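Form predicted on its own, single chain, as structure tokens, below.
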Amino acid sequence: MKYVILGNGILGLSTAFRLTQRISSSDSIVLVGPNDRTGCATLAAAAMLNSFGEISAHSLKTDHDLYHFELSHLATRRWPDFEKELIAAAGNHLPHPCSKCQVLSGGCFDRGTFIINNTVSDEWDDRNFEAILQALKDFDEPYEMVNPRDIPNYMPAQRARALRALYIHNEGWLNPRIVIEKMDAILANSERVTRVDNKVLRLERSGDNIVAAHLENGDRVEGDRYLLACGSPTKEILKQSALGLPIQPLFYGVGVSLEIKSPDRPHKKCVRTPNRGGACGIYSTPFFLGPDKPNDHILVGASNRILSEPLFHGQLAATEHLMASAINEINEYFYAAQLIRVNVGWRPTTQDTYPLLGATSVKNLAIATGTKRDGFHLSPVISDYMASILMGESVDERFAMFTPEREIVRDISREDAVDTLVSSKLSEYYQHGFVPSGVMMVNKLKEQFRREAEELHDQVGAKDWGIPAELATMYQYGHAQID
């Protein structure tokens, strides 16, 4: 059996790794993807292993959202063992930064996330913070309320200081670049894996099967079973392939993160706000580089802008906002930090915001994309399931909720969607320096945002369902699919 993995982001790499553990000696794997990994969401990620930290006021109300959270929570628990598996598999080819790995006791992998509730935004932050707190209680997850002044390396501007904070013990982070390097080393040194440094243009179908993948350099890659895991560009590949699969629109969630060097103010834990304004708020995480290097690099993020086409470079406005937010909301002394790198990643985002995972009606084709900013975090679970699907094995039947050819899931009520759109818009205003003259101005803005949200719902026929807040512009500009 010849498995062809199209895409060398975290889902493609981790699924290929799972297959090396499970296929027979006569089987082989071809992994296709450009070495430069332009737009790779993983390389722009802080790789926060946050499940509860991502909850917002209207989360966990539907079966799809609850199952997605269950997968996320499971992935958080699996990461320590998954990291150990990677280290063991790399053996003598372990990258130097992993040479003295101490899983869960320092290095590139540690736990502990502080969620701060400050007054930089508005009450939307408060509602999301309280939703996180309630979920921690409901799921009996270890946490504790802490005095914000006791958070290590937390020294915000006085007007941006948090009034309350909590500490989640089991949610942490990794350096995703080291993990990618480790997976690359494992697969490059496997006798059953062939690496192809090129981009996929289209798939060739004959009858009920894919017979080849056509590459940018003109080559064809033939195999028995295919996994399409190319992130946001998957939509262009499917369009060029003309397979006739009813797969919903897939967008580019363009995100910017910053790697900074702060020798005098290094981080030991992750510090973040709740989700806010259509993105993940502001966060800062330790960015471990190696056992013999100072632990003074920090990753700050992240912006989010949903587009129908990719951006290849970070926008100045996003970069400026992240720098200012890191200084004001996390540590004023970051003003002296050095800007090492601006990362740009394309988070693959579906119209219903749920991932596209599983087999398709083309017998030997599976798809794995649409994971937004959760792809790295979910990879221990998704890769296990996708490897099983490629090998013809059964998986949790609920995984079919995310089948690539499903109808668009519309499980947000119109009332919740409008509330989130209004709240997110106002939150965004406050984050960017909005100072109202008084309560009447705020009330008028709320009325305007609500009217615009209601009108948008009416225009697209959303009578008994709601538009996800981050997809509003895609509906507004006609890029979303309307029944």
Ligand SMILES: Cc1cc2nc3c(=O)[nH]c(=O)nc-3n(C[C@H](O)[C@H](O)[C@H](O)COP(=O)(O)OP(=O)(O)OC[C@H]3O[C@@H](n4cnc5c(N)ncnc54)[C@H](O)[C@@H]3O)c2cc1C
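Numbering starts at 1 and runs along the sequence shown. Computed from a predicted structure; not experimentally measured.
This next part talks about the form predicted together with this ligand, which is not shown.
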| Proximity to this ligand in the predicted bound form (heavy atom, within 4.5 Å), stretch among 388 to 396, 128 to 136, 222 to 230, 82 to 90 | 222 to 230
| Using heavy atoms and a 4.5 Å limit, would one call residue 48 a contact residue for this ligand in the predicted bound form? | yes
| Taking 4.5 angstroms as the cut-off for heavy atoms, does residue 73 touch this ligand in the predicted bound form? | no
| message | Just checking whether residue 284 would be counted as a contact of this ligand in the predicted bound form - the rule being heavy atoms within 4.5 angstroms. | response | no
| this ligand contact at residue 374 in the predicted bound form, heavy atom, 4.5 Å | yes
| Which residue among 178, 260, 120, 302 has a heavy atom within 4.5 angstroms of this ligand in the predicted bound form? | 302
| task | Find the only residue in 143, 288, 346, 114 having a heavy atom within 4.5 Å of this ligand in the predicted bound form. | result | 346
| query | In sequence order, which positions of 33 to 67 have a non-hydrogen atom within 4.5 Å of this ligand in the predicted bound form? | reply | 33, 34, 37, 38, 39, 40, 41, 42, 44, 45, 46, 47, 48
